[in-house]
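Here we start with a single chain on its own, the form predicted on its own, put down as structure tokens.
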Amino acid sequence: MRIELCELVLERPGGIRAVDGISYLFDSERCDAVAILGANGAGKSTLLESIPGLVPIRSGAIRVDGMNVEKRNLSVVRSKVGMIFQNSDDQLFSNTVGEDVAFGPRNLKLPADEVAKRVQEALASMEIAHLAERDVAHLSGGEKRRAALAGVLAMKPEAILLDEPTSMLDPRGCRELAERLAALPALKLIATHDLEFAGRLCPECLILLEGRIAAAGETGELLKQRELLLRCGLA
């Protein structure tokens, strides 16, 4: 799976430039987990949301396996790319966890037995099969995060985008999430300012500052550069 950003410019409402001319290639053959680091307002979330077409492109281009992210291609792009939002409550809307995980496969018009199989596999992969009949409103923060991820996994995406995935988790939950994500056979792009989590999971990272790439490379090496982290609001 390859996701290519080509001189990408994105704007927030009001014409505020959130991403300012970024070019970068994410390639699962080179690295299957990449951290996108930056302080609040650096453009991380806007960048992630633009990949499945949730934020319009002001100029430049995004290509998913060579396919331009544009209106006519969105259904195919979204079948390849799944997104986990920062607030899991924005993603969980069915009465039970099982129903929520089944929602995506049902929208694909899959046979009932295939939907059931995907739900079972996704719940098992997140170790929450016992929560299938649980009301989503009664889940803990960590359980909500795993349920949201199971819902994306049931779609069998080739890439998963995660926006601040550790924001509702305690240290143990962060470690467990990193282990689960590392085992997934998909390209993972993770927007975060949690440097410990990024260092544990992502061999490669890019650091954003005011919508531009301040640095990119091996995560372990970049996280040693204190002056860089200070300048980018990460230390």
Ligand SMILES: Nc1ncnc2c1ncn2[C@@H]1O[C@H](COP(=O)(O)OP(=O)(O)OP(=O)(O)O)[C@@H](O)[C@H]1O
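These numbers come from a predicted model, not from an experiment. All residue numbers refer to positions in the sequence shown, first residue = 1.
Beyond the structure shown, there is the form predicted in complex with the ligand, which is absent from this document and is the topic of what follows.
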ask   = Since the chain is shown here on its own, which stretch among 173 to 181, 64 to 72, 36 to 44, 197 to 205 would lie within 4.5 Å of the ligand in the predicted complex, judged by heavy atoms?
value = 36 to 44
key: Contact residue in the predicted complex, chosen from L25, I16, V9, A216 - any heavy atom within 4.5 Å of the ligand   = I16
task = Spell out, yes or no, whether the shortest heavy atom distance between Q86 and the ligand in the predicted complex is within 4.5 Å.
result = yes
message = Taking the ligand as it sits in the predicted complex, is K188 in contact with it (heavy atom to heavy atom, 4.5 Å or less)?
response = no
